[in-house]
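A single chain comes next, written as structure tokens; it is the form predicted alone.
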């Protein structure tokens, strides 16, 4: 599919200008723009600038609080609930991560529950925020639309419920694992559909359990969990910890943000951060992480396969490449966001 490349700085500035034109406060617009392009840089294009048109529709229909009062509640030295007051998800979660980092640096660890939030994009973006501070982190979220039934059922009561981890290292690239608990995120399904690509077998099935590969028929089926019943179990646990524990939406209480752009989603997320030196000397930990990474990377690949890679390795390569050559934006997305920019009479409409 045809696409054009744009610099990181230009796309971030563009997104900020669009959001500010919708009267989003400047700080939150900047955070949202930065985190959206960070998702693109990791190769998670279903959570990058691709999302801007749907965010704009929600802004137009009043689905966001443009000036949220993001509050910290039920706080202890190592925990808190962050109530996002229906603000932009990227801004709410970023504030929660910053709180987790501060608490973990001071007290060793922190568990921050989030409610009253919205779709916040790629989990790995937030997990990676702790790496410059030599902290281990974990992020979990309840997805914003139910696309999966319980194992063995057909009622759509579960979302993609992603989980992400980040682990600091020494000389080796840090470990960042970012994954949905479904075989593919619905964002990837939507991107494939937009490109007119057939879905791989194993992503979705219809209500009779037959593979669903036609992107035009996705509403006739549902996503499959990773690892069969084990992925379903993990998905439910994430919903319990990021949803039920935080008084956020989960199960039948989930609002499908692909269809309802007006009402609050009450999205729930969880962020955990921890200092490695609670358990061993930080330098020793990072040295052994490097050792184990090299051990894995240099292990014997299966015949005809390889090279062996570590979680986050390809994402880092993608980021380096895109920072040098530009971030790709497909023609379909470009047409949509250019139309938004013209309607808002912005100075930069991303014309080539």
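Quantities reported herein were computed from a predicted structural model and do not represent experimental measurements. Residue numbers count along the first chain shown, from 1.
Absent from the display: the form predicted together with a further copy of the same chain. The rest refers to it.
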Subject >> 4.5 Å heavy atom contact with a further copy of the same chain in the predicted bound form for all of 135, 261 and 328 >> reply: no
Original post:
Is there a non-hydrogen atom of residue 201 within 4.5 angstroms of a non-hydrogen atom of a further copy of the same chain in the predicted bound form?
Top reply: no
Original post:
Going by a heavy atom distance of 4.5 Å, is residue 126 a contact of a further copy of the same chain in the predicted bound form?
Top reply: no
Original post:
Taking heavy atoms only, is residue 93 within 4.5 angstroms of a further copy of the same chain in the predicted bound form?
Top reply: no
Subject >> residue 161 within 4.5 Å of a further copy of the same chain in the predicted bound form, heavy atoms >> reply: no
Subject >> in the predicted bound form, the one of 193, 80, 101, 255 near a further copy of the same chain [non-hydrogen atom within 4.5 angstroms] >> reply: 80
Subject >> Interface residue in the predicted bound form among 220, 277, 214, 171, criterion: non-hydrogen atom within 4.5 angstroms of a further copy of the same chain >> reply: 277
Original post:
Looking at 103-111, 127-135, 85-93, 193-201, which one sits within 4.5 Å of a further copy of the same chain in the predicted bound form if you count heavy atoms only?
Top reply: 103-111
Original post:
Using a 4.5 Å cut-off on heavy atoms, what residues in 267-294 are near a further copy of the same chain in the predicted bound form?
Top reply: 272, 274, 276, 277, 278, 279, 280, 281, 285, 288, 289, 292, 293
